[in-house]
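Given next, in structure tokens, is a single chain: the form predicted on its own.
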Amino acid sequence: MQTELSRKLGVEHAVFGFTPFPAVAAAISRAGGFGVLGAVRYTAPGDLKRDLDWLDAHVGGRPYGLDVVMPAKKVEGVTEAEVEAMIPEAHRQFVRETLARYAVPELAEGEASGWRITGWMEQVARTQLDVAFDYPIRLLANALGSPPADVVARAHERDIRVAALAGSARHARKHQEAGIDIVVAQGYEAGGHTGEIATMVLTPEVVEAVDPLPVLAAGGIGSGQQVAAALALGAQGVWLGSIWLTTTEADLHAPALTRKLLAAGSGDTVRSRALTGKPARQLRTEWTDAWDDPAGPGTLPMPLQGLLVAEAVSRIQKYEVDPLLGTPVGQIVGRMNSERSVQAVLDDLTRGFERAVDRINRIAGRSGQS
């Protein structure tokens, strides 16, 4: 599963694996793919440095990358406390009442929220980059589109390619104008923040819009046959995230959540603003239903919603409160039916890809004879 892009990056398979887990990222790179560590959960530079030290020591000399979440426009002088003060009391009360309805225990006194995500704040993301640029990362991806121009310049000075996610051809063209090197065309089926256009439609639109920039297809891809389809549509690789959540190297810290993922079908996700304030595909739960109910207060814009629900999500995950327990995941969850190693996932992708290529070659051969 090689393309021009994968050869330039020195990887065997054009499979780019996004994951919040260093062990998964390292395993993807060792297996011949390109592991990309998500940085959004790292609020302390020391924690990111610790995990990048570990990752760098366990990729076997293979290339790897980092994914951040930062806005394209700089916002100066806004502190986390000032942002959090904007949260209405009615929304805080809604969270308290919902947790009480399901008897969700409190965190222990002094225990910090393990889910608290502030990596979307520019100053936090920039501290992450100050750490990351000391490591031999080969790719910097930004989930919120094109990063600020000075960040793109810093990456290029270090011979680091920059990728940005796009949900439409219009967004993709803006990335190209901003000097981005790789566009990730993320379709409606994908887990996490995603747009409204399906991958099968979006991928060729983006390929055509930004030619000759390489494009990675994302969303609803979890088999080798789907990888072959993405390459047939003009992509130079695939960007996979959800499929790694149930690998043996992943550490969800919640066995009940793993069981829910393994039991879920492709129709068991919902695109909801409940987690961050922006539409993000995730498991549908009674928590997402509560926020999407017209009778409720409605979600707040990003980043207020993420700060509002941070402690609640930590409590739900720590105590594994099943009706409320969820995670960002794409529609490909319907194929995630067993725990497998990262190597086993890559092997399965490779075999499926080869079968798909053989099938097309046979069809093409028959067509040539007719």
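Residues carry their position along the shown sequence, with the first being 1. Quick caveat, the model's predicted, so the values are computed rather than measured.
Form predicted in complex with a further copy of the same chain: not shown, discussed below.
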Can you tell me if residue 83 lies within 4.5 angstroms of a further copy of the same chain in the predicted complex, counting non-hydrogen atoms only?
no
Close approach of residue 347 to a further copy of the same chain in the predicted complex, 4.5 Å, heavy atom
no
May I ask you to state whether residue 188 is within 4.5 Å of a further copy of the same chain in the predicted complex, using heavy atom distances?
yes
Spell out, yes or no, whether the shortest heavy atom distance between residue 205 and a further copy of the same chain in the predicted complex is within 4.5 Å.
yes
Using a 4.5 Å heavy atom cut-off, which residue among 280, 231, 290, 210 comes into contact with a further copy of the same chain in the predicted complex?
231
Partner-contacting position among 99, 139, 200, 152 - heavy atom within 4.5 Å of a further copy of the same chain in the predicted complex:
200
With the partner left out here, if you bring back a further copy of the same chain in the predicted complex, are 56, 147 and 176 all within 4.5 Å of it by some heavy atom?
no
Heavy atoms within 4.5 Å of a further copy of the same chain in the predicted complex: which of the stretches 125-133, 232-240, 295-303, 84-92 has them?
232-240
Residues in 40-62 with any heavy atom within 4.5 Å of a further copy of the same chain in the predicted complex
none
